[in-house]
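Have a look below at one chain only, the form predicted on its own, in structure tokens format.
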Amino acid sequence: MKRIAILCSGGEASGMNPALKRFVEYSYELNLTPFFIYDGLNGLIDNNIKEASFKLVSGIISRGGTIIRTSRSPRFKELEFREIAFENLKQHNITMLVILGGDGTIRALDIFYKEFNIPFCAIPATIDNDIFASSYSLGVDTALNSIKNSIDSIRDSASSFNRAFVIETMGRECGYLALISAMTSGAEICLIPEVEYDLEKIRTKALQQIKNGRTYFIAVVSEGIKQSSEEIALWFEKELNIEARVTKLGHTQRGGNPTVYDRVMAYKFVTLAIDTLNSNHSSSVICFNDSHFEYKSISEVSNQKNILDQELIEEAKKFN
């Protein structure tokens, strides 16, 4: 029986556990022997590799995070540790690898594949949603729903106290979470790294809204903008004379019960990943665009920067 392994790398994302469950069940369905690599790329180096079972994935579909844990591995950047990782795979006779992770994971895979030619398939799994050539990454829908629930609750407080709330989302240099959350929660202001903003212009618009009866503001900002959330809150108090509070959602965005959509996508991503490896396709990243899946070469995905599509950029400009 062929042996296939799966690991999670980088930041955790809801949907990883449903993916692990499907991985085990579908592997056995195809007469493959599934293995878990615990603790991400560090576990690959440390030989923390164990055969998976139905028992291990029982009841995990509703849990956020990943039962096999994840990591970021500075050691994997060094050839000597990648050689150790390769030898560990050989020791277990693992000939196929599925990896859940973000852009850093895909770049690491690109190097590993070129050096050792291990057949693999990568599944985009990052709440930042910043993988080139894929409009969706596993975990994004759950993160957006978590943010939506937080903003809805905060709006109750903002309206009760006539305050401005500056709500900071994750995303590094990608403003996807902030923009989609602002659009779907009725935020008055949204600031993201991809679009230049003019606070004086925003001030003029806000003053007009106050004149017309607005008593509170919700501002959703991405962590990658040029000013801190605290500075934006001070701007509200100084320029608009409105008491302001900052809420950084932080790692609450990463966890939580995976949504139906993330569970379905985990199922489909893993099924396609195993199918392509089992048919002797050596290396690819599964991307999702325009309601269909497609395979991209790892070099195509890892060597280019993801950008928001123009339609979303135009929506972001409307907040200025």
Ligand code: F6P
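Please read all numbers here as calculations on a predicted model, not as lab measurements. Note that residue numbering follows the sequence shown and begins at 1.
Below, we refer to the form predicted together with this ligand, which is not included among the displayed structures.
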Practice task
Indicate whether this ligand has at least one heavy atom within 4.5 Å of a heavy atom of Arg254 in the predicted bound form.
Solution key: yes
Handout entry: Touches this ligand in the predicted bound form: Glu223 (any heavy atom, 4.5 Å)
Key = yes
Exercise for the section: Using a 4.5 Å heavy atom cut-off, state whether Met170 contacts this ligand in the predicted bound form. Expected result: yes
Problem - this ligand contact at Ile127 in the predicted bound form, heavy atom, 4.5 Å - result: yes
Exercise for the section: Using heavy atoms only and a 4.5 Å cut-off, determine which of Arg163, Arg155, Arg72, Arg107 is in contact with this ligand in the predicted bound form. Expected result: Arg72
Exercise for the section: Tell me the stretch among 78-86, 226-234, 143-151, 119-127 that has any heavy atom within 4.5 angstroms of this ligand in the predicted bound form. Expected result: 119-127
